[in-house]
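We begin with a single chain expressed as structure tokens, specifically the form predicted on its own.
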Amino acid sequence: MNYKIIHIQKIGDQRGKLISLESLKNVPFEIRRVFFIFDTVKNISRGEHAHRTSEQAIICLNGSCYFLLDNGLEKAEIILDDPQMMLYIGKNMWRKMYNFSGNCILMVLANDFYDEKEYIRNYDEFLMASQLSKHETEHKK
């Protein structure tokens, strides 16, 4: 599956903690866009889409949130609840975010600017695209 958990090193002392995010160092791509998700509703999910080419790295700055990741063949559930844990999601991965805590704040780093055409918002279309991608990968071997 095209995701991984990246543990981010913190530095700090009695004054508090600091985490630094750097393109192509602890973030595995060049950062082109940053956005935040907050004021979410506990029983309402978000996401439910995939990206054709974009990569994202997501950090839960406050609270907690569950992710269901799906590559068309396998599924994984991830809980983000620690600002030292960054979830990297590569292209062609369906994601659903749910079970937000009341104080959840997610920061999303993306390798590209927003482009609505880059999203796959229909799950059946995603499954067809993921099967085509798998088929193309097998023929390149």
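We number the residues from 1 along the sequence you see. Fair warning: this is a prediction, and the values are worked out from it, not measured in the lab.
Below: the form predicted together with thymidine-5'-diphosphate, not depicted.
Peer 1: Exactly one residue in Val27, Ile37, Leu68, Met85 has a non-hydrogen atom within 4.5 Å of thymidine-5'-diphosphate in the model of the complex; which is it?
Peer 2: If I apply the 4.5 Å criterion carefully, the residue I get is Ile37.
Peer 1: Since exactly one of Gly63, Gly90, Gly72, Gly47 fits, which has a heavy atom within 4.5 Å of thymidine-5'-diphosphate in the model of the complex?
Peer 2: Exactly one listed residue reaches within 4.5 Å, namely Gly47.
Peer 1: Considering non-hydrogen atoms and a 4.5 Å limit, does thymidine-5'-diphosphate approach Tyr119 in the model of the complex?
Peer 2: Taking the distances in the model of the complex, the answer for Tyr119 is yes, it comes within 4.5 Å of thymidine-5'-diphosphate.
Peer 1: Decide whether Arg33 counts as a contact residue for thymidine-5'-diphosphate in the model of the complex under a heavy atom distance cut-off of 4.5 Å.
Peer 2: Looking in the model of the complex, residue contacts with thymidine-5'-diphosphate include Arg33, since a heavy atom lies within 4.5 Å.
Peer 1: Is the gap between Met97 and thymidine-5'-diphosphate in the model of the complex 4.5 Å or less for some heavy atom pair?
Peer 2: Result yes; Met97 sits at the interface with thymidine-5'-diphosphate in the model of the complex.
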